[in-house]
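This document opens with one chain alone, in structure tokens, the form predicted on its own.
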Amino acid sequence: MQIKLTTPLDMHLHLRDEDMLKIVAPLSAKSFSGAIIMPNLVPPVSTKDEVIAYRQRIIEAIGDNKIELYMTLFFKSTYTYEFLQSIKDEITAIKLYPAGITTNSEGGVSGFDIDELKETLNAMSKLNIPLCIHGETNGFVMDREAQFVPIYEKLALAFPDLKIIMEHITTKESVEALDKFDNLYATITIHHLLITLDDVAGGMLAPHLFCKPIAKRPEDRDALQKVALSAHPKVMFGSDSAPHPQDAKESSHCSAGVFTAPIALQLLARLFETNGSSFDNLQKFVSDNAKNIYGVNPKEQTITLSKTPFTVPQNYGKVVPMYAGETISWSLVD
């Protein structure tokens, strides 16, 4: 059995930089026709020149592979309308991180005072630049995303013309918020559709499944699966594939991030097949919804998946993928 996906898109992707970029960028380019590229480098991508330079480094890293690059800017409350207007054609969205909440987010937002954010958010609303948010507080780790939902709601009410993307949602509370506000949307990862905290820490610790937001409870995973498998029009696939060197994952200070880019489509095909959901819904979840939400129109490409066993490599360079060494039931057809 084979299925064909038209123009699959990864709407939340970390490609890192330098040697890591050269390892992981070609892998995403082989699977996806386009991707939203996260800006949390060191230092973060926050100027027009930095956006252009980072795009060029990615193009050089992917070589002959083709992928539409949707660049983002690291949110700062000091961005003016004039600055955002000057950079609008170079970016697809702006990514907001709460300060210190995840990898390379130290320069993010401390507190969510509407008055402090309104100049930039009003400018984004007028210029139709979506706001992507890593939605976690600094509370107890299992409650951080649910505690952030009221902030999403406050922002959605204060800026009704601003398209807000709740990134890599992991809780039923976030799913419930989707239908409360017209301007709230969400990405969902493959790992949060498959695992719970029990997979991360229920037995031997599994460092390569540790991420932020951390995987939650079975009822949260069920809520995510319900909207993904039914291709709810306000959700789309975003891998949040976040590579780290093996020694940074297998350490006492385990870095947060799950590397899924090379196997994401295969795992999605297995998930949709196992749950009896139509592959038409998979097409919507992994492409059509994102095109509608963001208004992007990438060059049409077809990716073929085959119901052929595939053994996940133990590593890609210095990065260990999710399910390393395990055999999954679907493969990419070159």
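This structure is a prediction, so every number in the text was calculated from the model and none was measured. Counting begins at 1, following the sequence as shown.
The protein also exists as the form predicted in complex with a small molecule; that form is not presented, and the subsequent description refers to it.
Candidate site formed by 16, 168 and 212: every one of these residues places a non-hydrogen atom within 4.5 angstroms of the small molecule in the predicted bound form.
In summary, among the residues 144, 163, 244, 208, the only one with a non-hydrogen atom within 4.5 Å of the small molecule in the predicted bound form is 244. A single residue from the set 158, 201, 109, 256 has any heavy atom within 4.5 angstroms of the small molecule in the predicted bound form; that residue is 256. In plain terms, the part of the chain that comes close to the small molecule in the predicted bound form, with a heavy atom within 4.5 Å, is 256-264 out of 84-92, 112-120, 256-264, 144-152. Contact between residue 40 and the small molecule in the predicted bound form is found at the 4.5 Å heavy atom cutoff. In the predicted bound form, at least one heavy atom of residue 134 sits within 4.5 Å of the small molecule.
The small molecule is not shown here, but in the predicted bound form it comes within 4.5 Å of a heavy atom of residue 103.
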